[in-house]
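Shown below, as structure tokens, is a lone chain in the form predicted on its own; questions about how it binds or moves come after it.
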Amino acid sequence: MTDPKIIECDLLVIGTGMAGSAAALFAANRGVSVVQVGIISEIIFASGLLDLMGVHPIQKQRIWDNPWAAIDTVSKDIPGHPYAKLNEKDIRNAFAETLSFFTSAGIRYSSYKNRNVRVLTPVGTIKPTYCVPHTMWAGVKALEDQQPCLIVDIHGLKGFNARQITVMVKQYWPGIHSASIAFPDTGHLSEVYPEQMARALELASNREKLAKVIRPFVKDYHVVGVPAILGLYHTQDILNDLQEKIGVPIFEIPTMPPSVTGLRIKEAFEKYLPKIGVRLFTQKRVLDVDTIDSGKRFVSKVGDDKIHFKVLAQGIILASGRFIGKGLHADRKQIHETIFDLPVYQTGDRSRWHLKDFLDSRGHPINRAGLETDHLFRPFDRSGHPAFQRLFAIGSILAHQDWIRMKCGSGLAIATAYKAVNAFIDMIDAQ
């Protein structure tokens, strides 16, 4: 039996979610040779919103207008939070570089410089976030200005009910109303799916049909909200075309996952990262890692059930995510990190991971479990020192944060990736 082939690179990125993809982007932009490996990408579950910091303290449900002030406060209140290891300049630069990439990939984003915005969710709540796809910006402005608004749902699309949304937000937005339509040529179907409708709207003929269905409901409304189905690859063109045909601005509302907005991001990374030199291997996982040269280089075995190839790298960025991404695994007694067997910060035994009330405002302790690191995001071993000189951990696998409740997931992923990549480069340059 022949030995698996060896691929050499400067940096191996483990994970294909937002953190791993941002790390691959930053490294490639700086001339670092990158191999990226991952299995299940959590991006397809993303809303497309780029949260920075929205809620703190969690138990008081304090919503912040200024995310930068929120980050300062979190860093003081929770010294172990990943944001406490970052500065504002790096976070801003990380966001700017990521948004520039998305723009080049055809995904425009909009935001204010120093404040969060409010967006509608598919369950009828209003969520604070920092950056939104440009296809959602008209909804942000309509909510701010209290414009008369029509929310449209689609027969057979589960998890998106325009009447429910309007009933929930009527107290904050009196001029909001609902309508229900059938997506063109789907009247015979009992269920329709966002991705199918998004692909259909890539054709001008289907956009004309959809506009013809929506137009009679517009009347005196100044803006129309629809589920996030406005195409996968030419979203801005589709938005502009429908607005012209309907006669008023349109905005998207995120749907339940897996979502078109998440799929757009996933496909942008998968299409454009290889064009800047990233060797991307999806649906592959790192099975085992050894070190050579006194721990200065890593040999990683990559495959599925068997080894397909090995990666020889000077450094590794661990962006394997939490339980969905299989970066963490819980047994009956404790939580484990799955690749290096790094120690995981966790609250006592399994009986203490969850609070009795599922919706407890304090958040479940398991959400804050993860890897503890130094200021360069190098994870600790059991002695409290960096496990390896050039092993970094980023994103949701990090301890002392509850990114879902704090509304900081994308910001944490992007900013920690930026810091880790630059730390790796500094180490290589210092050799």
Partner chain sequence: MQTEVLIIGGGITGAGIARDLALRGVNCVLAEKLDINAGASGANHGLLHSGARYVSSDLALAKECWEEASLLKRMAPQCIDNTGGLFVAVVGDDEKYVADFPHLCAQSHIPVREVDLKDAHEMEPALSDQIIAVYQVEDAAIDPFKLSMENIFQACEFGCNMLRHTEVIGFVKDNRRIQATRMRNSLTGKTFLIEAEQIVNATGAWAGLVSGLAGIDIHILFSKGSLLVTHSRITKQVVNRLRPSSNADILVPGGTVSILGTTSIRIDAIEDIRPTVQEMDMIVGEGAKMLPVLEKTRYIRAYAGVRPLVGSSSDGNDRGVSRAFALINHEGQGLNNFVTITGGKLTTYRLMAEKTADLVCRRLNVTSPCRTIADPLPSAQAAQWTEPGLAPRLWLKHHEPEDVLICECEMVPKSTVDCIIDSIHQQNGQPDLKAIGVRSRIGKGACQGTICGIRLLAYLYHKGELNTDQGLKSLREFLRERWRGVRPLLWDMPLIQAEMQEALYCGLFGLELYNDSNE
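Positions refer to the first chain, counted from 1. Remember, it's a predicted structure, so these values are computed and weren't measured experimentally.
The form predicted in complex with its partner chain exists for this protein as well; it is not shown, and the discussion that follows is about that form.
Q: Here the chain is shown alone; which of 182, 84, 126, 312 has a heavy atom within 4.5 Å of its partner chain in the model of the complex?
A: It is 126 that has a heavy atom within 4.5 Å of the partner.
Q: Which residue among 109, 101, 353, 221 has a heavy atom within 4.5 angstroms of its partner chain in the model of the complex?
A: If I apply the 4.5 Å criterion carefully, the residue I get is 353.
Q: Its partner chain isn't shown here, but in the model of the complex, which of 27-35, 396-404, 66-74, 380-388 has heavy atoms within 4.5 Å of it?
A: Going through the listed ranges, the match is 396-404.
Q: Establish, in the model of the complex, whether 55, 329 and 366 all lie within 4.5 Å of its partner chain, using non-hydrogen atoms for the distance.
A: Yes, the whole trio is in contact, each within 4.5 Å by some heavy atom.
Q: Using 4.5 Å between non-hydrogen atoms, is residue 161 touching its partner chain in the model of the complex?
A: The answer is yes: residue 161 has a heavy atom within 4.5 Å of its partner chain.
Q: Would residue 322 count as touching its partner chain in the model of the complex under a 4.5 Å heavy atom rule?
A: Contact with its partner chain, yes.
Q: Using a 4.5 Å heavy atom cut-off, state whether residue 257 contacts its partner chain in the model of the complex.
A: Yes, contact at 4.5 Å.
Q: Please determine whether residue 121 contacts its partner chain in the model of the complex, using a 4.5 Å cut-off between heavy atoms.
A: Result yes; residue 121 sits at the interface with its partner chain in the model of the complex.
Q: In the model of the complex, which residues of 170-206 put a heavy atom within 4.5 Å of its partner chain?
A: The stretch 170-206, when checked against its partner chain in the model of the complex, contributes 171, 172, 190, 191 at the 4.5 Å heavy-atom cut-off.
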